[in-house]
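The chain below stands alone and is given in structure tokens; this is the form predicted alone.
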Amino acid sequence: MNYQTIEVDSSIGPVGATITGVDLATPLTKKNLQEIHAAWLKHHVLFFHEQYLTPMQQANFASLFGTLDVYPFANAVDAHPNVIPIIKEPEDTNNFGGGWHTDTSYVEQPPKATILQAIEIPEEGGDTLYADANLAYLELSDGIKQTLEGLTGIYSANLVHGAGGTYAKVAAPGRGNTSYNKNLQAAALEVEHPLIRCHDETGIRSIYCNKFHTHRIKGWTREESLPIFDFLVKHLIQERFVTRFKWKKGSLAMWDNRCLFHNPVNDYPGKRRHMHRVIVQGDKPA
């Protein structure tokens, strides 16, 4: 695409692009929005630097791409009900969202977009890894593609956020995220999504399951399902599919949960990391 209002640099890695030439705190023109949207669909994750947005400005930018959603397991900032703080204090040992996943895939209509802004970051560490789940799918053999296409997953937050969930057990202050909201009712819900989903805007197919948010394959046990989940995630996090993004204060990333996995690296003990996150509701995966 011949971009006229923004500059797009995709040399950062196998997936993603850095965008310059636009101030997201100001109203965007129709052409700005068209070009950012096109770049996002092509590169799956966009990175912006020096974007110092208030919660209202961040939410306004996110709303240009759809209906803002509410995350059930965190309390929002006072300034806006759709902006949640993700904070790891120096004494915390666990980070929020650690492990490879797509955001909130355990709800009926998972978010298509996540917009994350860096408010305060450590001098070293705290990068986020992004993996191209579409390209990883394309490089699977025809045989396993045919097998996977017929499988449905049972998705649930219970493994992470349920009473005995891995994150619920470590989310108290001093162990996880200070804004964490224990919501056992939401954690208990189960939904069905395909293991391989089709992007509703581009038609591309991508790996969508993982062992944190996908409890099991429909008709299979958890134990029988785990080898499939483990194989797929191990496949998609190979170096040729992954970009590592180093945050700066004022950096903002916008990624497409329909075709991208991510993993925030927990490698900054004793340091503080403060982010603001907004999610945009998507369609039911098909």
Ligand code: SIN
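Just so it is clear, the model here is predicted, and its values are computed rather than measured. Numbering starts at 1 and follows the sequence shown.
Separately, the form predicted together with the named molecule exists; it is not shown, and the next lines address it.
Screening 184-192, 199-207, 101-109, 154-162 for residues having heavy atoms within 4.5 Å of the named molecule in the model of the complex returns a single hit, 101-109. In the model of the complex, the named molecule stays beyond 4.5 Å of every heavy atom belonging to Asn82. Residue contact with the named molecule in the model of the complex: Asn134 places no heavy atom within 4.5 Å of it.
Put simply, Thr128 is close to the named molecule in the model of the complex: some heavy atom of it is within 4.5 Å. For the chain shown alone, Lys271 is not a contact residue for the named molecule in the model of the complex, no non-hydrogen atom being within 4.5 angstroms. Note on the partner interface in the model of the complex: the residue among Leu140, Ala74, Leu116, Leu148 having a heavy atom within 4.5 angstroms of the named molecule is Leu116. Taking a 4.5 Å heavy atom cutoff to the named molecule in the model of the complex, the one contacting residue in 69-93 is Ile86.
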